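A lone chain, given as structure tokens: the form predicted on its own.
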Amino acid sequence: MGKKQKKKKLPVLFIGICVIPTVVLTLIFKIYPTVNTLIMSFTDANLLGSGTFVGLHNYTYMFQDKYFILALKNTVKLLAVVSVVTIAFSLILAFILTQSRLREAGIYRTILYIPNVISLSVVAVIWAFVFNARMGIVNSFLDSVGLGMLKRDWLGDSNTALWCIGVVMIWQAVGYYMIMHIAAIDGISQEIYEAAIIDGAGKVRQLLSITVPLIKNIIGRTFILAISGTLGMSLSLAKVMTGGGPNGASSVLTYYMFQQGMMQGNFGYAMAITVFTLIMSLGLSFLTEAITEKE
């Protein structure tokens, strides 16, 4: 009996050894920072100390802060446009590469995926040069095709700065979601497409009537990832490319949070913005999940 009990204890001990480090690391690097962020959001913490409890003041002040409102509007614009366009483009590209039977499909997949493996800071610097007013590729191209009247300071114009960041987000992320959609489309039986072709369905009809309905749940998952990805990328791109300017025209919630916390030392307020951003992100994710899971 003693030997049997030891044999039973060994797997439990082994599992404990494997699980405990993960639990400890999760508590230290995820749970504790999250709880601490929530606690700090109710204080006026700054560079000089932990601050005092101020209740909901930070949260109520948010909606009186015109720069926060502007950052929120910009973030919503990016989420509404960039997430949708990225998923739409990635789905179309995935459909083309799986159904057009191109010989070079593997090469195209690699080329389109490459931007995703480049450091985001490097991407931001490269595109800042692309949109540069004096020597940028965009303005040079417009000059070369006789459209010089359309030239502008793309990153210095309040009407275009935010959308320049959006273009970079789409360029950087579309290949990543394309690979996910390719994997999903590969799981659809080719017999379904062959039957559709026999019935006279064109490529657009096949995409809308076969591909989209059959991988609807996958599209929902990738859209959720695109929402979080857009929020995540917005900080680095806004910081490097525009600095939130001009006059907050390209400021987003994550950059405004960084600005308040790391540049102005208003850690309590910055943490409140962080909590708000997290809640908004989770709410959008749950909404997307509910819509895509609905029959």
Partner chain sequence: MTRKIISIMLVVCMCAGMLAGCGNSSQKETAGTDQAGEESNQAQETGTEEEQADAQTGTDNAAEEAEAVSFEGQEMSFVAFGGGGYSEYWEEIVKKFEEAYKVTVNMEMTPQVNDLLQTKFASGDVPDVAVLTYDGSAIANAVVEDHALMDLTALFEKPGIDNEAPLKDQMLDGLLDSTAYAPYGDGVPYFAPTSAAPNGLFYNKTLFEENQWEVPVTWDDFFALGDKAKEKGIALFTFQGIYPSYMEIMIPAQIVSALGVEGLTDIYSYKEGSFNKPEIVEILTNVQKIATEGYLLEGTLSMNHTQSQSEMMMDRALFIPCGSYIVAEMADAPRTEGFSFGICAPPVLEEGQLPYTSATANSLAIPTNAKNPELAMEFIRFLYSDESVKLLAEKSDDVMALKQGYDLASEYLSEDMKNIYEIYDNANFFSVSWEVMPSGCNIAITNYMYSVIADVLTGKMSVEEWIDGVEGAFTEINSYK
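Positions refer to the first chain, counted from 1. Note that this is a predicted model, so its numbers are computed, not measured.
There is also a form predicted in complex with its partner chain; it is not shown, and the following applies to it.
Its partner chain is not drawn, but in the predicted complex it has no heavy atom within 4.5 Å of residue 232. Looking at residue 39, you'd find every heavy atom of it more than 4.5 angstroms from its partner chain in the predicted complex. Put simply, residue 48 is close to its partner chain in the predicted complex: some heavy atom of it is within 4.5 Å. Although the partner is absent here, residue 35 is not a contact residue: none of its heavy atoms lies within 4.5 angstroms of its partner chain in the predicted complex.
Considering its partner chain in the predicted complex, the lone stretch of 91-99, 157-165, 112-120, 188-196 in range is 157-165 [heavy atom distance within 4.5 Å]. Checking 140, 132, 217, 209 against its partner chain in the predicted complex, a heavy atom within 4.5 Å turns up for just one residue: 132.
Applying a 4.5 Å heavy atom cutoff to its partner chain in the predicted complex picks out 256, 259, 260, 261, 262, 263, 264, 265, 266, 267, 269 from 254-287, in order along the sequence.
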